[in-house]
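Okay, so we've got the same protein chain twice, two forms, each given alone as structure tokens, structure 1 and structure 2.
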Structure 1
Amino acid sequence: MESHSTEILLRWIVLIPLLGAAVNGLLNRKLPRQVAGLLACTTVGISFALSIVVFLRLLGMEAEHRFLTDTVATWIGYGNLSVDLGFAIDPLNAVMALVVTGIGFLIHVYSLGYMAHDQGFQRFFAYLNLFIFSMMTLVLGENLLMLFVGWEGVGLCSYLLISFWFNDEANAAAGKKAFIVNRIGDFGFLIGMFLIGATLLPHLQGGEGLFSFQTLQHHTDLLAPVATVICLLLFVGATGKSAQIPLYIWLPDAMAGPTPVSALIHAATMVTAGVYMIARMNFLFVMSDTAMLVVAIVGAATAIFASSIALVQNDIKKVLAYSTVSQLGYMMLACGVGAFGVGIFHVMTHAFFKALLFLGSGSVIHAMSDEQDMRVMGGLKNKLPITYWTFLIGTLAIAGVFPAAGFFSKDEILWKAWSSGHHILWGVGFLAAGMTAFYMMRLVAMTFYGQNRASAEVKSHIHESPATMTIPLIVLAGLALVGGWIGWPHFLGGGAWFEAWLEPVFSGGHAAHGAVVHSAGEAHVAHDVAMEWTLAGASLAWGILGLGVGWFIYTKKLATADSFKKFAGGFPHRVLLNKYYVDEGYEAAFIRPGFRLSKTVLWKVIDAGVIDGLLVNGAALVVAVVGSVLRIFQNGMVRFYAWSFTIGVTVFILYLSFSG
């Protein structure tokens, strides 16, 4: 009975935020602001509390039996095709559920202060709740099709939230860009699912769910011949959601939305969906060395590519946006070298420090009267003390400084890359880590140190944010500082508890691939402890060096930064500032030709010529001609009708006479 009562909580973890979205969305401005905000926060808070209850239930179970499922109904049932509408939880998505609802709750609370005076207050919270509902559907879905429903849901919500201030053309364009780019990735995801269905369906017995993760794992032998193709197609979807090369271009533009949206998308929800999907499908990915190598290479390339762009950006949120792209590359690198658990570990620690950094940037923007350009900031350390100290903790965490959370997950990713034999990929990740430390300290120095460069009017309004904004910052700062300790590695005397917690989820896939599986509490891989100490020390020193150089240049030697702008005629700086002109390249290669194609061929030929001309206007012409002919015989003249009747009778009599 206890188990069943726990299982049924899964549906409510998902559905309660939907209830909040429905009430706020339907009543909208009829609902007082305080009620709308309280309702939205409460529903996500309840979902978080239920996630804790389910997590504790799993924690009390034996490691190999940590799995609960809640089947609501049969969604599709025809012959041997069966797909359930249901939810399931195991150690992997238990972590994701806690991260999504926990961080989501803090962002909801923060939004009470940040969006307090916005006209679309109720609508904003309806969208936030809908986002949490979609993400929890993705995370807790019992099968791949349910995951895809949530996958599409977060895509829709990202469009609604990024373009929330839709009266601004840039915001509306950013929302459309996110939606369209993600649809490109989703096309690959769909084809991958179709291939899975076509491969498995003929072999399934009655009662086996076609896309159930358990069914897929049970029939990996049938999927083995097409595993590489399926994995690469699924990875195309992941490059869209998790902003990897070449579909990363939507994420920096997503900064057009309100800052809480940036934190929600970048930290805890949408962008981690691709990493989660690959981790969830680990049993299939490990069957293809090609797919794994592609994931690792793309992840490493994305990490260093985005880091280089972040070095010179001047918009505080754009720096953090490219930082997110880079950190997602780290997660993909971990998955690509087979360290799925470490990738999820970085998902969690990244959620802590990146939510902190984005919400901290929102506090700065709030204080600076909506200014986002770091070149007109400075000197905010003493005026925004809570924001400054919490932001500094987030910076140390993302730079991988011991003992902050980022040190443990980033160092473990680099070690896994090295120990798996991918030394070049380790080098790329190592270089990106130093760049990350540098550009984050550059951000801190330009924002909080030196003299304030804003106008006198802006200076007069600078003040610390209200408690609804600073309390979430303090909580997240604590998590960014100590949240990584649950993954304290063996070589430092820890038990690598986080990896042991996830081990039952990934052990089956590794075993199928012939990898060594270790029990919890033992060293997870036989390795040279001295080498791990060396690499960890080098990584820590590299991060501290990056922070030190960034602080020195942007507080003491600004002329050095100016000299880089002039180096080689300013070309390197222009290239980085303009993001390698990738958007311009896409514009020239795809968007403008696509526009011309739609305007000339699709519109003039197909729409205007075939559809309007032939089908619509042609049908009208046929009706007109037929009507004109019929009007000849329906003229209202009695004498014409009489003669017509006489001729008809005559013809009929003649026919009868000669036919006999």
Structure 2
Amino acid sequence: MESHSTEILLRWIVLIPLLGAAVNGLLNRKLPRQVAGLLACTTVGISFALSIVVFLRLLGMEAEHRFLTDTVATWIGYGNLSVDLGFAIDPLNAVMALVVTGIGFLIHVYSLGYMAHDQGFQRFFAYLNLFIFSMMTLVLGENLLMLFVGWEGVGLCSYLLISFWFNDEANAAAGKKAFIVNRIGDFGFLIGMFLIGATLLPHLQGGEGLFSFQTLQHHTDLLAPVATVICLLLFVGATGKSAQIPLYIWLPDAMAGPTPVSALIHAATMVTAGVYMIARMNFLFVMSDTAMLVVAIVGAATAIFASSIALVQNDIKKVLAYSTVSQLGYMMLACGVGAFGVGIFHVMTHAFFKALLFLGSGSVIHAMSDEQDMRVMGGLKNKLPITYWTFLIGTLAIAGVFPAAGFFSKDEILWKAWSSGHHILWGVGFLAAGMTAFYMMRLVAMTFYGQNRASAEVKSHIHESPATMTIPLIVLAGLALVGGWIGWPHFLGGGAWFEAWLEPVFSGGHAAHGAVVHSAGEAHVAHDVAMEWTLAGASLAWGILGLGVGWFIYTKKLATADSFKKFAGGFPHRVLLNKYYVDEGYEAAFIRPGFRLSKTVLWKVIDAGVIDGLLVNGAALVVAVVGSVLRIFQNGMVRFYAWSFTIGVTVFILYLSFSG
């Protein structure tokens, strides 16, 4: 009885936020603001509480049997295609569920303050709740198709929230761009699912859920021959959702949405869905070295590419956005080198510190009367003390300073990259880590140190944010500081509890590749500890160096920054500032030719010209010509008709009588 009641909680974790979304969405302006806000926060809070209950239940179970499932109904049942509307939880998505509902709850609370004066207050919370619903469907979905439902659902919410202030056409365009770029990724995801389905369908017994993760894991041997293709296709989906090269372009634009949205969706939760999906499908990925290598390379490339762009951006949210892209690259790198658990660890710590940083930037923007350009900020340290101190903690965390959360996860990723033999990828990641520390300190310096460069009007309004906004900041700062300790590694005398918790998920399948990585780690344990110490020390020093340089240049030696801008005719700076002109390149390569083709060739030439003009009107023309010839005989003279009739009949009769 006890067990049953826990399982049924899974559906309520997902559905309660939907209830909030429905009430807020349907009643909208009719609902008083306080009620709407309270309702939205409560539903997510309940979800969080339920997640904790389920988590505790899992904790009480044996490590190998930590798995609960809740099937609501059959969704698609046709022939031997059977897909359930069902939810399941194991250590992996338990972590995700806690992160999503927990951070989600904090950001809901923060939004109470941040959105307090907005006209679309109720609509905002309806969307936010809908997002939690979709994200939890994604996370708790029992099969790949349910994951896809959530996947598309969060895409929709992202669209709705990015273009939330749709009065500005740019926001609307950014939302649309996000949705469409994600759809391109989904295309790959969809084909990947078809390939899985088509491979398995002939072998399934009736009633076995086709896309259920259990089924997939059970039949990895059948999927092995096509594993590489499947994994690469699924990874296309992940590049869309998790903003990897080449589909990352939507995420920086997505900052058009309200800042809590950037924090929740475009930093902490939704964008990590791709990483989660890959971790979820780890049993397939480990079968394909090629796919793993592609994931790792794309991850590392994205990490350094995005952090190089972040070096020169002036919009506070743009810096954080590219930082997010870069951090997602790290997570992908982790997955690619077979360290799925570490990838998820970084998902969690990143959620803490990046949500913190975004909310902090939101607090700054709020104080600066919606200004986002760091060039007119500065000197906010004393005016926004809570924001400043929490932001600083977030910065230390992302830079990987011991003992903040980022140190443990990032270091672990780099260590796994190194120890699995991917030394070049380690180098790339290492370089990017230094850049990360640098641009984050640049951000802090430009925002909080020095003199305030804003206009007097703005200056007079600068104030610390209300409690609804600062409390979440403080909570997140705490998490960013100590949240990484659950992954305290062995070589520092910890228990690496986080890895142990996820262990059953990632060693369950036929994890051939993963096992190799793992045993390699075990075998050279003595040699490795020394190496691990060295690398950890190096990266800690490197991070502090990055911070130091950033602090030095942007508080003491601004001339150095200017001289960099002028370096080589300003060309490198211009390229970075314009994000390597990737958007422009896509525009020129795909979008404009596509439109021109559609408009001039397909519509005007083929549709109107060839089909309608040539074929349809051509046929009509033939009829018309024949008609005009025959018309000559139709002169309206009755006696002419009579004569031709008579002559015709006579000739006919004569012919009959002489031919017979």
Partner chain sequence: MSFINDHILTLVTFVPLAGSLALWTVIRRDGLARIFALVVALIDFVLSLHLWFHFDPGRGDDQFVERFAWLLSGEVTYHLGMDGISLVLALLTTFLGPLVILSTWSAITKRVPGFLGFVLFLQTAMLGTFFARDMLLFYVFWEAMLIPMYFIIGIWGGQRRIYASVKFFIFTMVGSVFMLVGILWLFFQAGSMALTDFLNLQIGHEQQLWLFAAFFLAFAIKVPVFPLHTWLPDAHVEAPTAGSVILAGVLLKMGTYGMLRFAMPLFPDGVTFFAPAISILAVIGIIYGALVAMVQPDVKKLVAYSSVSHLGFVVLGLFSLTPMGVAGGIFQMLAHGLSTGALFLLVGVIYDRRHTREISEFGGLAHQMPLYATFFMIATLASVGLPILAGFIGEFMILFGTFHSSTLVHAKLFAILAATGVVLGAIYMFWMYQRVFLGKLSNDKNRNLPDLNLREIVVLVPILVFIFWLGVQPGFILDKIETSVEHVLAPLGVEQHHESQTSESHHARILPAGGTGSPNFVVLEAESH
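Note that this is a predicted model, so its numbers are computed, not measured. We call the rigid core whatever largest set of C-alpha positions still superposes within 1.5 Å between the two forms. Counting starts at 1 and follows the sequence of structure 1.
Chemist: Does the form predicted on its own correspond to structure 1 or to structure 2?
Modeler: Of the two, structure 1 is the form predicted on its own.
Chemist: Superpose the two forms on their rigid core, then report whether the C-alpha of T199 is displaced by 2 angstroms or more between structures 1 and 2.
Modeler: The answer is no; the displacement is under 2 Å.
Chemist: Can a Cα shift of no less than 2 Å be assigned to N80 between structures 1 and 2, given superposition on the rigid core?
Modeler: N80 C-alpha, core-superposed: shift of 2 Å or more.
Chemist: For G627, give the CA shift between structures 1 and 2 in Å, the superposition being done on the rigid core.
Modeler: G627 C-alpha displacement between structures 1 and 2, core-aligned: 18.5 Å.
Chemist: Taking the rigid core as the frame, how far in Å does the Cα of G609 move between structures 1 and 2?
Modeler: So the C-alpha of this residue moves 6.3 Å.
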